[in-house]
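In structure tokens, the next block holds one chain alone, the form predicted on its own.
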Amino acid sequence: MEIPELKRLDVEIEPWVCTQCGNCRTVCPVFEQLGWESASPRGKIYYIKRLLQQRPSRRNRMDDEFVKRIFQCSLCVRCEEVCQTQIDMMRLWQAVRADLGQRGLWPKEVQAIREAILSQYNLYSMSNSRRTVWAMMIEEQVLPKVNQMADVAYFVGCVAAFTGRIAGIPESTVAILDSAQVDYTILGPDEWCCGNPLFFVGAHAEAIELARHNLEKLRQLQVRQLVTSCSGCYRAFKNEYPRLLGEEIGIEVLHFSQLLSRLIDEGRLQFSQPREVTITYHDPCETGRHCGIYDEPRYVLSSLPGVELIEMPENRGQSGCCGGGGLLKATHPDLSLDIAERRIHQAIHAGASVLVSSCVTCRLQMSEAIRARNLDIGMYDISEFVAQFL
């Protein structure tokens, strides 16, 4: 049997170099929860090899169980961190998911997300004209910034723009930008989904329209620096857009934690509200393992007066996962909450009263787990936490 997407994404050799050592099992958050070999990275790769070894005359056996296992994955790529043969796990899972899509085998939740993005340009199938709904309480402050020429653009992202429960993230981001006197613009209704959910399933051809649109709008406003508080948006602009387009995008891409670090170094943020609190920092998979951002968030949090920053045992490249990425939250919500609960317990056992992350998905996911499982800890995005000290 052939899986053409393996060749297109240049990972056709990956299933064959797996030594079946099992290192990936020891760090996989899905395997830890389910315990089935078929749910581990090793088990999935073994099944892929079996498919590739099937004779053309035999019926293809991409059955429902295989599809379920492939999407029981948050794409945290912690398995890649410990892989002794350096398999490009991210590209491998993208390729297999892309092939499943071409065979019409995507879960209905994934298909619904794809259709929402392609028809309404956002995850939630809402009218994209409502992109600034998050600014309902600060319209006079925000709406004049829409589509204004500026050096800096704040790319809000679908999750923060449309999820009222975390509207505090873009509100806090704007408050910090204003406090530091950063001249910025937002795209408003002209902001389209970054395409990260499509990248997660290998739908690169469909994501290219989104990438070209967003870059065209940014260039029209002569933007030189793009800032986003969404780890998925950051990864899309930083990693996927240049690969997709075959060239550098010509705009500096910063995660908001990186911008915060610069603003503190330049003395443009004054923290006048000290707060005695012990916190711990959760490294998002997409800014951490995917993009290598570890130091800047810690520098920012350590700069806040009265704050004691402690580490969980699993941190930086070995950080646990919140369970919300890779479309796992959409396809297997209970499993994703179980993974989040495990990570929150790590923060509590480390002695922190507040858990801080720098990803809108982590903030949303772990806040839901805290409520659903009645856990005793505060949860903030780094923008929300820093804004309390201004």
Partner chain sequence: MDPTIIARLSEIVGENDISTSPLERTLYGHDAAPIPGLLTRFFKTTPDVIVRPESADEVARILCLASDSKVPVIPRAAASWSLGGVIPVKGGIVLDLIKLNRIREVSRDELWVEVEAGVVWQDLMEQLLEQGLTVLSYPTSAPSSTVGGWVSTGGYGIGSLKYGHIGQQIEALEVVTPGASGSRTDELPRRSLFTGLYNHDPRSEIRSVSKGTANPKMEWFLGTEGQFGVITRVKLRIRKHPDRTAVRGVCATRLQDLADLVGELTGMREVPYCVKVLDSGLMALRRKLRGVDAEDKNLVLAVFDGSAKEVRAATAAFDQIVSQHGLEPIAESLAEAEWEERYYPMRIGRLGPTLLGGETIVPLDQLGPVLSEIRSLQEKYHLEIGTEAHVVSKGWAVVLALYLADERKALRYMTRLAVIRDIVHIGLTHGGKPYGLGLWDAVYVRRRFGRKDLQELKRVKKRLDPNGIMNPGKFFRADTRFGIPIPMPLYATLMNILSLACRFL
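Numbering follows the first chain given and starts at 1. Note that the structure is a prediction, hence the values are computed from the model and not measured.
This protein has a second form, the form predicted together with the partner chain, left out of what is shown; the following refers to that one.
> Any chance E37 has a heavy atom within 4.5 Å of the partner chain in the predicted bound form?
Answer yes; at least one heavy atom of E37 falls within 4.5 Å of the partner chain in the predicted bound form.
> Is there a non-hydrogen atom of S367 within 4.5 angstroms of a non-hydrogen atom of the partner chain in the predicted bound form?
No, S367 stays farther than 4.5 Å from the partner chain in the predicted bound form.
> Evaluate R42 for contact with the partner chain in the predicted bound form, applying a 4.5 angstroms cut-off between non-hydrogen atoms, and reply yes or no.
Yes - in the predicted bound form, heavy atoms of R42 and the partner chain come within 4.5 Å of each other.
> Within a 4.5 Å heavy atom cut-off, is A167 in contact with the partner chain in the predicted bound form?
No - in the predicted bound form, heavy atoms of A167 and the partner chain never come within 4.5 Å of each other.
> Honest question, do N23, Y46 and C83 all end up within 4.5 Å of the partner chain in the predicted bound form by heavy atom distance?
Contact check passed for all of N23, Y46 and C83.
> Choose from 74-82, 248-256, 229-237, 177-185 the stretch whose residues reach within 4.5 Å of the partner chain in the predicted bound form, heavy atoms counted.
After filtering at 4.5 Å, what remains is 74-82.
> Along 181-198, which positions have a non-hydrogen atom within 4.5 Å of the partner chain in the predicted bound form?
The stretch does not touch the partner at all.
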